[in-house]
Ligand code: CP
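First, one chain by itself in structure tokens, the form predicted on its own.
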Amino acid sequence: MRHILHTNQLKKEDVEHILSAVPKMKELCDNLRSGTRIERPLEGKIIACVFFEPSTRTRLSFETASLRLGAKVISAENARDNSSAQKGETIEDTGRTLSCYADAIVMRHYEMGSAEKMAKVATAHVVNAGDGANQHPSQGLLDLYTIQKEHGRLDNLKVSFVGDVLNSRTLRSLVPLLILYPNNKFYFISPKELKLDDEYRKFLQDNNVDFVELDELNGTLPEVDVLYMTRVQKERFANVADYEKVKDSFILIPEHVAKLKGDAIIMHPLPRINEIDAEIDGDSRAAYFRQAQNGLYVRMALLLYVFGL
């Protein structure tokens, strides 16, 4: 049974297999929109999308991806309150039950490691759509594809992650993919309260990753190829006072963007709150909505990979 639980599990050949299918997924969507009749490879399959945390892009793009590929979708949008989890059902029993109904389970959950717990007992494919502050592999893959599409390469890049690097599952999902390619350097820019934890720092050191931790944005702007902004995640804080203290630490404004290289790109997993000034949206380097669009095609390619197609 093929599960997608974290990007660390993917070898370079797996990643390139998935990425190579993405343009075909866009073509499939374009054909469907134009009314062209085509064979849809997941005809007859059922995908369960079960989200214990809120989501717009991930849930709806996975559901759209499933439908575009010909699968049917069953879903629980607010499973924390509107499923048997509210009665105390374990994640393992949820996985066993959903396996009775669906061929694959796409799950977002607030607990780190929840997807792995489900995958140990599920007889359906399990795709981790975000487990707390741990991993979000489809986001990592769509981010990687976006960088490749925008820059034409995945090596010799300087990438800055800005904001909540402590709790960023997007960071933890993208970095293992980018280190499959040579000569990439990373800047992790955050307030001291949201710096990398020791465990993740050790992972980077053990893998000989070239990285620098900073608490100031301006100095790196003229040299980065990818400026990846992240939201300070209120839901990861034990109390509101700690969140209020750091929530406005890094806000990207046009004066910052003016310092970027002409071919640099600005990324964000969305939703944004106030960390990117809306005036920046019109800049050609603002790639975050293109990034979101890529998510549909990448998730289509990922579902085919899960089913061995």
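Remember, it's a predicted structure, so these values are computed and weren't measured experimentally. Residue numbers here begin at 1 and follow the sequence given.
Keep in mind that the form predicted in complex with phosphoric acid mono(formamide)ester is not shown, yet the notes after this line are about it.
Peer 1: Spell it out for me: taking phosphoric acid mono(formamide)ester in the predicted complex, does every residue among Pro54, His136 and Pro271 have a heavy atom no farther than 4.5 Å from it?
Peer 2: Each of the three qualifies.
Peer 1: Going by a heavy atom distance of 4.5 Å, is Arg172 a contact of phosphoric acid mono(formamide)ester in the predicted complex?
Peer 2: Arg172 lies outside the contact set for phosphoric acid mono(formamide)ester.
Peer 1: With a cut-off of 4.5 Å between heavy atoms, is Arg108 one of the residues that contacts phosphoric acid mono(formamide)ester in the predicted complex?
Peer 2: The answer is yes: Arg108 has a heavy atom within 4.5 Å of phosphoric acid mono(formamide)ester.
Peer 1: Within a 4.5 Å heavy atom cut-off, is Thr58 in contact with phosphoric acid mono(formamide)ester in the predicted complex?
Peer 2: Close contact exists here: in the predicted complex, Thr58 approaches phosphoric acid mono(formamide)ester to within 4.5 Å, heavy atoms only.
Peer 1: In terms of non-hydrogen atoms within 4.5 angstroms, which of the given stretches 181-189, 72-80, 157-165, 136-144 touches phosphoric acid mono(formamide)ester in the predicted complex?
Peer 2: In the other structure, the partner sits against 136-144.
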